[in-house]
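Consider the single chain below, provided in structure tokens and representing the form predicted alone.
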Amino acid sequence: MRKLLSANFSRLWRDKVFWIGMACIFGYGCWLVSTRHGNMLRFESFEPLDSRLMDGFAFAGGGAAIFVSLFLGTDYSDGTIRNKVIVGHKRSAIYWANWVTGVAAALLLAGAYLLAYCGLGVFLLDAPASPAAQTAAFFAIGLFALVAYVSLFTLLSMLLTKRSSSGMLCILLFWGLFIFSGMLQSRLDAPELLPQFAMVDGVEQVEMVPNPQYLQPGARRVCQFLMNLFPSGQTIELLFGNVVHLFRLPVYSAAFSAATTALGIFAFRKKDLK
């Protein structure tokens, strides 16, 4: 497996898509800090360093969808995977080497954002508003969610032979899960009561009435479970700082990663590479 990893990382350092992604996410971090600093000066607003610190995990997840699918798809289009099997590498070792490479690339993408955001933000933004322990816990959640993203995209990319098909599917799945999780979060945030305004004897009165969009306990548990299960739901909770089950989320991500990786290895062993 050492030779497989060495070959993968040699390709990674020469991969143009990876470096373009690094430059884009680094640039976004710099732009975000400068924009928020401008708001501080213009509106005299309070802009704490940690309020947008977790954005990098969401962007790195999207970057992983592009990179993993194209990187592994190239192995199929060039016939590299088949050659690795022919020379005696185990299919499970090939899969794990590709998974490790994808995780490393995703972490580097997140690191590029954090380097830009924190490097400038320390000088241009206000001090963090959250306790250090909470920030550390959020980082752990973000890292586990990022690994779950890579596990899902590796599964799809290792089973689909065509690079264009795997790339399109991974990108669509990333955005589909993100939109779906956003809709779930919207339902979870719906208040139980809504104000209803009425005129009584020429006086406006307000009455609180039940909100039909409010989730009852059973439906709420299902929606919260789905938010916790998918990495998209976890990253949305991080973006809004609204993490409900702080210590459960890494467990959900670990289980998600283990399940998708086990399924991927099993299916890849059965896959016809001709």
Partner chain sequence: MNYVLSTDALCKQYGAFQALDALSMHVPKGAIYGFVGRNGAGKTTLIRLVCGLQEPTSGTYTLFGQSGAGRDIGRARRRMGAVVETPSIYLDMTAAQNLRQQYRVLGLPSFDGLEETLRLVGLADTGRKKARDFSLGMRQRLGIAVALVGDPDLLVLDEPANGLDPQGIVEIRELLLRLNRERQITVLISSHILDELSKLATHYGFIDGGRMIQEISAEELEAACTKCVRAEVSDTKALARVLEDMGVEYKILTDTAADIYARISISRLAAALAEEGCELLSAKERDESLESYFIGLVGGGEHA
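Just so it is clear, the structure is predicted and the values come from calculations on it, not from any experiment. Residue numbers count along the first chain shown, from 1.
Keep in mind that the form predicted in complex with the partner chain is missing from the display, and what follows is about it.
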item: Non-hydrogen atom contact L193 with the partner chain in the model of the complex at 4.5 angstroms; value: no
item: Residue contact check: G182 to the partner chain in the model of the complex, 4.5 Å heavy atom; value: no
item: Exercise: G79 in contact with the partner chain in the model of the complex, heavy atom 4.5 Å; value: yes
item: N83 within 4.5 Å of the partner chain in the model of the complex, heavy atoms; value: yes
item: Candidate spot S6, R14 and K271, all three touching the partner chain in the model of the complex (heavy atom, 4.5 Å); value: yes
item: Among 88-96, 109-117, 169-177, 141-149, the region lying within 4.5 Å of the partner chain in the model of the complex by heavy atom distance; value: 88-96
item: Contact residue in the model of the complex, from T161, S186, T74, Q134 (heavy atom within 4.5 Å of the partner chain); value: T74
